[in-house]
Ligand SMILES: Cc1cc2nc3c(=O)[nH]c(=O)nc-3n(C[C@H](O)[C@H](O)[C@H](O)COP(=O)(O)OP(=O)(O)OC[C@H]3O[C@@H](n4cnc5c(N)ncnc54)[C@H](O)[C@@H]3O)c2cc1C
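A lone chain, given as structure tokens: the form predicted alone.
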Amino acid sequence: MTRRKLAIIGNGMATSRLLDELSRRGGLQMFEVTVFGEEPHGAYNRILLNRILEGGAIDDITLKPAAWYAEQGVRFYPGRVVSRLSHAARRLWTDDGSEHFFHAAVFATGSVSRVPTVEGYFREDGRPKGGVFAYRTAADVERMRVWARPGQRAVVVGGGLLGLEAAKGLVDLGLEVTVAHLFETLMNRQVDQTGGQFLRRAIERLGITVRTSVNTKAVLGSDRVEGLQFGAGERLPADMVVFASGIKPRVDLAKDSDVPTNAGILADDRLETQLPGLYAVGECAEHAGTVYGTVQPIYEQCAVLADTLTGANPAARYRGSKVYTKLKVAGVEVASMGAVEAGSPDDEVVQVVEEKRSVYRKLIIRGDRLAGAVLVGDSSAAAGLVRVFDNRSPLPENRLDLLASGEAIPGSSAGNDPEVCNCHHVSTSTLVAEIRGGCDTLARLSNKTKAGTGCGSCRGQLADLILKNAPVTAGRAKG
């Protein structure tokens, strides 16, 4: 029987996860899958770009090496841009002029850097000035590494996750780094003002200067960057400027193909666009008025889309996500979920401040249910809180029990077998069993369980589990 042709446009983290979900449902045998990726290599973990800046190779953060696609029977076109798509003809065309037929197609085009409207970003020939970079792709980071020299003055515009990671990478390379953030609070989407103050102090302890509530107006210099000008007319000298000030969905191809868009590509509960047989997933998709830019909602979308495409669960529907984040930002543990501020006078707010440990924890409780949480400096309670948040479990009378072991949370078995990888829901017992079974390196363990291949924040815990549980060889035992 002739297999139906499925085209996936884009090869980022959403595509990587979608391929895994299709594989689990037999979809790679059911469809003739073709993936079109603009970058010249397999899918990689964009959250871990800082490792390339610090001297690593693309292989260090690769989720699917080029060989994986062929091994799984997936046709992969790296370095190919899809320039045109016709829903009526069920065809798409790439920038080399080739034509490809499909029965169904998925837009997984992701997002691009949202560069503020600033004067002087480009030279007269339309190229960015020397020393001006966006922080988004592996190629961006490789160019940054080539340019950077110890002692240079660098400014990172944007105090979110990627901006702080870029700043940490540059200061580790010996540069004098300033973070310039438009808002008063660093990572203002994930933490509240107090959490932002704790995060700021931790960042400043790394030797990074933090400037908040500053609006970048212009890049100074003619052929190469010489500095930045802020809204009040202040000038800050710089040899290098990195823009990490947010992202915006890539919708140009969809829009040019008459697929309805808003901020993102409009998709329904089956992740299907308004044109039958065309789907959207990940950072380019807009569902019920929301575009998600974090890993966990995108992975939830991929599971529903795989069910939809394969028919494994015809009733599967995506109803939106409760957003939570657990990351290590420039070496600082940060976790947040739901509301970060009280929404009404009836909300109960519990805050724990430990100045000596540089730890801040906050709970938002609404109607005896967890409505949100912020953790900075210590995210050990995050796994238990996520379960309570997702399940809307009743809370213990002593609210501080929520910040202790999972055993203190009613109906939770987290204390016996805590979840280490929240992105892929991998428990301690599963990891220990695989380590004792021979997965005695981080690469082997991640490849087998997928742990550590999402946001990457659990990789330190994985390494610790390997050290504690990997079998000792006879030679080592004798030593």
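Just count from 1 along the sequence shown to find any residue number. Bear in mind the structure is a predicted one, so any value in this text is a computation, not a measurement.
What follows is about the form predicted together with the ligand, which we do not show.
Student: Looking in the predicted complex, any heavy atom of D60 within 4.5 Å of the ligand?
Tutor: Flag for D60 set to no.
Student: Using a 4.5 Å heavy atom cut-off, state whether M337 contacts the ligand in the predicted complex.
Tutor: Because no heavy atom of M337 falls inside 4.5 Å of the ligand in the predicted complex, the answer is no.
Student: For Q190, is any heavy atom within 4.5 Å of the ligand in the predicted complex, or not?
Tutor: Q190 lies outside the contact set for the ligand.
Student: With the partner left out of view, is V426 within 4.5 angstroms of the ligand in the predicted complex by any non-hydrogen atom?
Tutor: No, V426 stays farther than 4.5 Å from the ligand in the predicted complex.
Student: Where, among 199-207, 114-122, 232-240, 81-89, do residues come within 4.5 Å of the ligand in the predicted complex by heavy atom distance?
Tutor: Of the options, only 81-89 has residues within 4.5 Å of the partner.
Student: Ok, E39, D417, E32, E54: which has a heavy atom sitting within 4.5 Å of the ligand in the predicted complex?
Tutor: So the residue touching the ligand in the predicted complex, by this definition, is E39.
Student: Identify which of V291, A303, L253, I364 has a heavy atom within 4.5 Å of the ligand in the predicted complex; exactly one of them does.
Tutor: Going through each option in turn, the one that passes is L253.
Student: Any residue of 44-63 with a heavy atom within 4.5 Å of the ligand in the predicted complex counts; write them all down in order.
Tutor: Heavy-atom contacts within 4.5 Å come from R46, I47, L49.
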